[in-house]
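Quick setup: one chain, the form predicted on its own, written in structure tokens, and binding and motion questions come after.
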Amino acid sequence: MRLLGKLGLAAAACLLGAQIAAADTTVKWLHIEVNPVQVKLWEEVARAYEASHPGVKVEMQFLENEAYKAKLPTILQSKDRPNIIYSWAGGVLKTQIEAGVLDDITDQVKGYSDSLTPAALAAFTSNGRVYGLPTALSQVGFLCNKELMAKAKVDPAGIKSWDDLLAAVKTLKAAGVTPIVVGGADKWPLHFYWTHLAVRIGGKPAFDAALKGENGGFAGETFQKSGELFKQLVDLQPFQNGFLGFKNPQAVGYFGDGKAAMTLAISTVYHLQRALAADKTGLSEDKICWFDFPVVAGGKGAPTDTLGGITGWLITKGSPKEAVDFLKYFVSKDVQTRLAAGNFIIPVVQGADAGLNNSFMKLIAANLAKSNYHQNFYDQSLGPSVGRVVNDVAAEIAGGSMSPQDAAKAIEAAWKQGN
């Protein structure tokens, strides 16, 4: 009997062990963040979640930005796909929803989602259903090096119009300073010029009309003119030597090394340039300036209109419920406040902006707050196929191998083909 009792206890112990093992869940989280300071904070959040949720492990995975974009469609078809993936929302998200590779998390985030900025949540919502959670807002504008601008006697606060920018480029070149650094090999940093010019020239009405095929669509006057003005800048040869061979991280590091006066970039580059500078220190706060993208004479866009991202995270098909639970924990007021306090994000959770303690980040937050039209990046907003063409033609204009008119026609043709 004692033997049978011992065997019974052993069997029960084995069964309990099997149940515990079966309860263990791994949440695979794929990100593209290259700033080690921010990643360290994320890791701390993941470990804190694990500590309060026994049996759950959060496994962080990394892919470089361009590799992520290229490999994600294949990754999403894999049985071993990650559970949480990075997203810029827009047309790419729409394509993923249509492909059936994402989980609908509407019911799991009911109530919780009320704490999010409505416009940010809307970017991850389709037909009333929620497929992901936003995490940050950003603005595209010109970061500048105070010392190099002063060397050429250029006042960044005086660059208000497109003509002002062209004049500044000429003055910087005359002073022996490289005016602008750009990661031309990745193409999308160049599309910021073409896109932001379209925002300034036509505003939201022009973009909405183009989506409907009105006024010539993306081959219409607004988009041809944006290419023409971009070419005005290109003709001044404002970029660093070999700009079409520079990847974006290399260009950001170049700016952080103090080798160019300006870079048209996402506001997050304010901190990223430090991590990617050769000395890992980059430009200190007192050496960096910012000015909004210049207005265009006769433009219909408001000066307060912004271009930028609404970024977040999606849950892939068939993921465990713990993936959504961790995501809600990660996009919580406490964590968002910590990230804001570290000046890593403009938060999307209401009240988390109280963590912002940096004048630059407060400026970006104020700009976004007063923007009545925040245009998501065209290469994301228009979907992967059309977005690729937008990036390609922006690089072609910059390289002098395509006319602004042909560029606009190419985008319109791609849009018509897919819609």
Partner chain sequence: MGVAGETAPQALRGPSWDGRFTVLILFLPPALLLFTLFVVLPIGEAAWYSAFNWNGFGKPTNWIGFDNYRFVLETRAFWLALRNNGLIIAVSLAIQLPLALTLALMLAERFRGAVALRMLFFMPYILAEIATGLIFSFVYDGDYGLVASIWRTFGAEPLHLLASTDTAMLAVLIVIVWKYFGFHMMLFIAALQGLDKSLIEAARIDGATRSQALRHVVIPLLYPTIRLSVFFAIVGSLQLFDLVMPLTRGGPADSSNTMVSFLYNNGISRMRVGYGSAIGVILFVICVTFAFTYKRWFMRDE
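Take the two forms, superpose them, and find the largest set of C-alpha atoms that agree within 1.5 Å; that set is the rigid core. Numbering follows the first chain given and starts at 1. As the structure is a computational prediction, the values presented were derived from the model and not from experiment.
The same protein also exists as the form predicted in complex with its partner chain; that form is not shown, yet it is the one meant from here on.
When its partner chain is considered in the predicted complex, only one residue from 389, 56, 365, 45 comes within 4.5 Å through any heavy atom, namely 389. Site annotation in the predicted complex: the residue of 274, 81, 338, 259 reaching within 4.5 Å of its partner chain with a heavy atom is 259. Residues of just one listed stretch (73 to 81, 105 to 113, 305 to 313, 142 to 150) have heavy atoms within 4.5 Å of its partner chain in the predicted complex: 73 to 81. Interface residue remark: residue 177 is not counted as part of the site for its partner chain in the predicted complex, having no heavy atom within 4.5 Å. Shown alone here, residue 96 lies within 4.5 Å of its partner chain in the predicted complex, counting heavy atoms only. Its partner chain is not drawn, but in the predicted complex it has a heavy atom within 4.5 Å of residue 250. Although the partner is absent here, residue 350 lies well away from its partner chain in the predicted complex, with no heavy atom inside 4.5 Å.
Taken together, the three residues 69, 185 and 396 all lie with some non-hydrogen atom within 4.5 angstroms of its partner chain in the predicted complex. With contact defined as any non-hydrogen atom lying within 4.5 angstroms of its partner chain in the predicted complex, the contacting residues in 228 to 257 are 241, 242, 244, 245, 246, 247, 250, 254, 257, given in sequence order.
Once the rigid core is overlaid between this form and the one not shown, residue 245 does not reach a Cα shift of 2 Å, moving by less than that.
After superposition on the rigid core, displacement of the C-alpha of residue 185 between this form and the one not shown stays below 2 Å.
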